[in-house]
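Below you'll find only one chain, the form predicted on its own, shown as structure tokens.
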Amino acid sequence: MKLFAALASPFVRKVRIFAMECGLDDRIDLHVLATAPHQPDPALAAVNPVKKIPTLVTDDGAVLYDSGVITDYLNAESGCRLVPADGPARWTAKRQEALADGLLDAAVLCRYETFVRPEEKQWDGWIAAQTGKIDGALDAMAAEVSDLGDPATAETSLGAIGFGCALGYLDFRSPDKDWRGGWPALADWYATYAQRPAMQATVPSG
């Protein structure tokens, strides 16, 4: 399998951690791209019509994109069942993934607005709206982080991986945001979860 990736992307990180936790990391060839929102990589554009990462090309040549689709595929391919097959547990896991992804969507949009867009064209109201979404997601994550189980155990879950990537991205791209002070339950959980080997192996850069 080939994974088109950028090492700074939290969505790529989610897929990489999921693959590691499921024992599939040695089957994935990481194809690191030099890409930007306004300058998609030609190799990526050749396989993915929406030109977004992560994109996974499977062993049989199928092209999968969107991190949630890819993690579902890896879950089925490995049989590790970090995503429950059905019932309430599945929808809880997928909702937790969507919650973390929603935080990341807002954080990435803030990054684009403040780093990519020229300063004279930046919109303070837009940034405030995305910040409100981030804070709302942190409220919801804090309310259920205890449901993820002990972060020190060998077991993990799709929700835990999503939460970990979301909080890690805030540290990476929004170091001035004191989310630990505002959401101490998340800080306590993350302090342990961030030490997992897969988390340590995928600390973002770039």
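For clarity, every value in this text was computed on a predicted model and none was experimentally measured. Start at 1 and count along the sequence shown; that's the residue number.
Although it is not shown, the form predicted in complex with a small molecule is what the next lines describe.
Quick one: is I53 in contact with the small molecule in the predicted complex, heavy atoms, 4.5 Å cut-off? Yes, I53 lies within 4.5 Å of the small molecule in the predicted complex.
Evaluate V108 for contact with the small molecule in the predicted complex, applying a 4.5 angstroms cut-off between non-hydrogen atoms, and reply yes or no. Contact with the small molecule, yes.
Test of understanding: in the predicted complex, would A8 fall inside 4.5 Å of the small molecule by heavy atoms? Yes, A8 is a contact residue.
With heavy atoms only and a cut-off of 4.5 Å, decide whether Y169 touches the small molecule in the predicted complex. Yes, Y169 is a contact residue.
Heavy atoms within 4.5 Å of the small molecule in the predicted complex: which stretch in 169 to 177, 142 to 150, 156 to 164, 43 to 51 meets that? So the stretch in question is 169 to 177.
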